[in-house]
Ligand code: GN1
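Just one chain follows, in the form predicted on its own, and it is written as structure tokens.
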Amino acid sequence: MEDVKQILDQFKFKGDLIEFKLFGSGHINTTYIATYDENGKVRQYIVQKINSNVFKNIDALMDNVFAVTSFLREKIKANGGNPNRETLHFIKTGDGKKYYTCENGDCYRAYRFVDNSKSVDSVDSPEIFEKSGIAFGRFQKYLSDFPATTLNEIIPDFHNTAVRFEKEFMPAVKEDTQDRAKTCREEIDFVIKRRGDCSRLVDLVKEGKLPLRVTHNDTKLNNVIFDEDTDDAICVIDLDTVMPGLALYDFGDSIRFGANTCAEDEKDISKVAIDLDYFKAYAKGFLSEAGGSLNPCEIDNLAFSAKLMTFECGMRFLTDYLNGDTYFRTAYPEHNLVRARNQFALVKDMEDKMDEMEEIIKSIKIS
């Protein structure tokens, strides 16, 4: 890291520095927490080195982050909430910039640490999963009238499953650069048989039935922070992939991550299933906040979106396996293939339970 004092001085934090150390469990950006004593009161700030290898256009990313958090602050105020706790408060540098660039090109940003808060890494109960659904549902509700098309597309076609099928998966199968296709014919066939699913949501967008909205695109449980005392969800964090998309993407990916009965790289696929209690809990929480801002077509496709996001993720794992593991970090040569088989087993179980999933959505009262 560059000179710590030089970086911290850019953000004009008040008080005397007590401690500066690594913080959190993120895999992309490098995160630190800075603790200050301001006239006897402890204040903490998060300072992050943004991974410029992953995020090529940091100006665009930070423009999105400031636009969305500023909008959220006004919405939270209007609804009688506390914007200092219910959304991130990013801090500009002393010369008014949204991040600081060091002489070596490293980029740093800062925001206030939310006091008396904690993060949770694993979904251990339907109750905590429901609370994360409330947080992401509220995020969607408050941003429902934000002009999504004004945001920058940080990762083009990130959840365009049809594009991923045509431009990434099929070329990987045809080129077979690592001579691995022979080891996964069944999985390749699984994807090809579901080709029609890939375009369902994007076709509904073209037909004007699904609106573009502000989407988070990384709706893992540890991207929600909770109150240390009450365990209530406070706000959504990690806004690097906020961009135009579909509310269904965020809902579906939450279910893929949180309602699987085991880890996404469990080798014994007989253990893989969707837990309908967890599905119902998250859907109940999400719709309690976002339900009134979604249109009927969005609500009708919530259950399907869980299947599609799981299918897309499995297809991405399989694509990376065929390409020689160039994107996802792996622990052993077949890791991505194991992940793909796991996700496809979850897809199959969702297909078997789709009627039940859709009935659960219908049973949830939306005010």
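Residues carry their position along the shown sequence, with the first being 1. Note that the structure is a prediction, hence the values are computed from the model and not measured.
Another form, the form predicted together with the ligand, is not on view; read the next lines as being about it.
Scanning D238, E86, D250, E187 against the ligand in the predicted bound form with a 4.5 Å heavy atom cut-off leaves one residue, D238. The partner is absent here, but in the predicted bound form a heavy atom of N223, alone among N223, S144, S288, T101, sits within 4.5 Å of the ligand.
Figure note: of the listed segments 130 to 138, 253 to 261, 187 to 195, 174 to 182, the one touching the ligand in the predicted bound form, with heavy atoms no more than 4.5 Å away, is 253 to 261. Residue contact with the ligand in the predicted bound form: F55 places a heavy atom within 4.5 Å of it.
At a distance threshold of 4.5 angstroms between non-hydrogen atoms, R43 is out of contact with the ligand in the predicted bound form.
E266 falls outside the set of residues with a heavy atom inside 4.5 Å of the ligand in the predicted bound form. The shortest heavy atom separation between D218 and the ligand in the predicted bound form is within 4.5 Å.
Residues C313, R316, F317 are the ones in 294 to 323 with at least one heavy atom within 4.5 Å of the ligand in the predicted bound form, listed in sequence order.
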